[in-house]
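Next comes just one chain, in structure tokens: the form predicted alone.
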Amino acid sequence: MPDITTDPAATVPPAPQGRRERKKAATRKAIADAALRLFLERGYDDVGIREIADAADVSTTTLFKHFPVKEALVFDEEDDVEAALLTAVRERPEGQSVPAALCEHALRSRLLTADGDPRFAAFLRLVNDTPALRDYHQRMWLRHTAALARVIAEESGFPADDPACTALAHFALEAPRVAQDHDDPRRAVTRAFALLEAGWSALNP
């Protein structure tokens, strides 16, 4: 994924790294950058693993140590993605509901905008136009369900295993995919979250 900060307030300062960790991180970034460049130039399905390894000047063995499947090459910042998602809930403005905060985050980080970063737009087009990446992307998002549900519970004063928190987390992560085929995806996302807001408000009168 391109190094794009969609929400400066949600940036989490990285922990200090040792020399070995920095070298591994640099290798991983070089592989991911080479893969994304080739995918954008020629299309995901027309680029092979060997080509990516050669472009990054690593062996295929090294590549697979960092990225066990081809799809993962496009999504190399999942820890940062989850951190930004959780921060959107924890650091929402006073008086803003959890569904409203999640709606803002979805609109900001998962949909194209006319004045958005062109690199981010190219990345999203690549994902949305490639079935394998689109499905993998959604599976990656849904992996954040448990962590998001825990934060929602913490922020709302509910038990950690409250099913309502898990349901809200799941449907909040699912909503942008449901909306992506609509003529007006932003309106579709907003309407989906309005439904979640209504249900959530009923639990928090």
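Only the largest set of C-alpha atoms that superpose within 1.5 Å between the two forms is called the rigid core. Model, not experiment: these values are computed from the prediction. Residue numbers run from 1 along the displayed sequence.
We do not show the form predicted in complex with the DNA, though everything after this point is about it.
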ask   = Would the DNA in the model of the complex be within 4.5 angstroms of a non-hydrogen atom of every residue among 77, 110 and 119?
value = no
ask   = in the model of the complex, which of 155 to 163, 23 to 31, 140 to 148, 175 to 183 comes within 4.5 Å of the DNA (heavy atoms)?
value = 23 to 31
request  = Determine whether any heavy atom of residue 38 comes within 4.5 Å of a heavy atom of the DNA in the model of the complex, and answer yes or no.
outcome  = no
task = Considering only heavy atoms, tell me if residue 170 and the DNA come within 4.5 Å of each other in the model of the complex.
result = no
task = Check whether residue 48 has any heavy atom within 4.5 Å of a heavy atom of the DNA in the model of the complex, and answer yes or no.
result = yes
query = From first to last in sequence, which residues of 43 to 70 have any non-hydrogen atom within 4.5 angstroms of the DNA in the model of the complex?
reply = 47, 48, 49, 50, 57, 58, 59, 60, 61, 62, 64, 65, 66, 68, 69, 70
C-alpha of residue 182 moved at least 2 Å between the shown form and the other one on rigid core = no
message = Please determine whether the C-alpha atom of residue 191 is displaced by 2 Å or more between the shown form and the other one following superposition on the rigid core.
response = no
